[in-house]
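As a starting point, one isolated chain is supplied in structure tokens, in the form predicted on its own.
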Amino acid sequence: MSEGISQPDQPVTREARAKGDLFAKFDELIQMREGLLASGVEDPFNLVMEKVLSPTRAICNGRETILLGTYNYMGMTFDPDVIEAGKQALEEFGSGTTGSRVLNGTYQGHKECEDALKEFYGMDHAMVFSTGYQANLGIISTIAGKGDYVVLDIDSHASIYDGCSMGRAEIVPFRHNDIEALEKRLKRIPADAGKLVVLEGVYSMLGDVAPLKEMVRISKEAGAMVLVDEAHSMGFIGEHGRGVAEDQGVLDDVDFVIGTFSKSVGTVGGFCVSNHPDFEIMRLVCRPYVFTASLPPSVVATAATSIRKLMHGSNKRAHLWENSKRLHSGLKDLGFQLGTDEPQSAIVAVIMPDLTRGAQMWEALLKEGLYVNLARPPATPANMTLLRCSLCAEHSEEEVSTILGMFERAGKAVGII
């Protein structure tokens, strides 16, 4: 310790902290967390999985637990071909690239992964990022700059908003999934201005699907380019698993499709595919692509293998739809309030009365042997607290029945039903 600097006899309390403490802005959230933990509830945002047994099972807090909150929609994390591809790449190319894609960080596996994406989507160009967050951050901030307008659904993911902020484009939000509101916003923008409409195929909190067919048509009529984030639908929704844009017949009208490897693909990374003739220039001007290390060879190898297998995943897709329908109808019959009237995706959101009861329900389910996501404001729409369930194609019919029994017992114990 430097001479002349003494330590206070008592720790500085939050009330007595010095002016200019940059943590002061988090006081409300800190107090909410402390109040939640003081009630005796286990921290729902700090769960540790001691061992993962399969796409649907793990050891959590010393007990075997069914996983219903992992986004592992197609169950590819333990696919033998995927694991073998990663092992082989690790042995042949080492543990990492130690460089950016534009310097020494493009290996054969990165090109093969982009080739797999181009084949999967039937598009001319594909660009792989180190995360899905970076894909949105990079593409949006690069193509929509100062003086341009980004029109987006108010419930858009944080990475979309951050991409707008980084590019300093004008943000024009519209009411969630409201076709008329989108049309009105577009009409207010100067006709000669650069316009990008950003939509999501499936919205991750409630699991609801966007009316892309109408929204893409309106956007194109207004002279806007369209970007669709298919993070929660790629691999599952659509005849070939290409997402909601494919399912609604507008994939050819979309300028950019953003996706992630951390959901259906079962690893980590992000991507953008496009048919724009000048798209390759993005590799030189997109800062989150240029100025970050590329994905390790083992990761792109697992991603490429998984993507190629998802092209032939129709049986898995059908089973996942059955799981979603079974869980949705079962929870509805038990008396739980759900985020959608009918199942629209692999996400089933169970609405809780408030954060305290939601945390109690989350803990009761964990003690039953079930892990789900506790989602709270401000991440959720309309200040909701909800338990977010994400189904997997590897969940058996028996597991879904077991899950419903767990919800029934926990719901009655907490007083939710």
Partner chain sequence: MDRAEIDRRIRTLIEPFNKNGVTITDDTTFQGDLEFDSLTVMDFVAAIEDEFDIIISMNQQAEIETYGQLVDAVKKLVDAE
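Positions refer to the first chain, counted from 1. Only a predicted model underlies this, so the values are computations on that prediction, with no experimental measurement involved.
Another form, the form predicted in complex with its partner chain, is not on view; read the next lines as being about it.
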**Prompt:** Does its partner chain come within 4.5 Å of any heavy atom of Ala224 in the model of the complex?
**Reply:** no
**Message:** My question is simply whether Ile189 lines the interface with its partner chain in the model of the complex - judged by any non-hydrogen atom within 4.5 Å.
**Reply:** yes
**Prompt:** With the partner left out of view, is Ala169 within 4.5 angstroms of its partner chain in the model of the complex by any non-hydrogen atom?
**Reply:** yes
**Message:** Considering non-hydrogen atoms and a 4.5 Å limit, does its partner chain approach Ile154 in the model of the complex?
**Reply:** yes
**Prompt:** With the partner absent here, would Tyr161, Arg175 and Ala382 each sit within 4.5 Å of its partner chain in the model of the complex, counting heavy atoms only?
**Reply:** yes
**Prompt:** Of the listed stretches (179 to 187, 248 to 256, 308 to 316, 235 to 243), which one has a non-hydrogen atom within 4.5 Å of its partner chain in the model of the complex?
**Reply:** 179 to 187
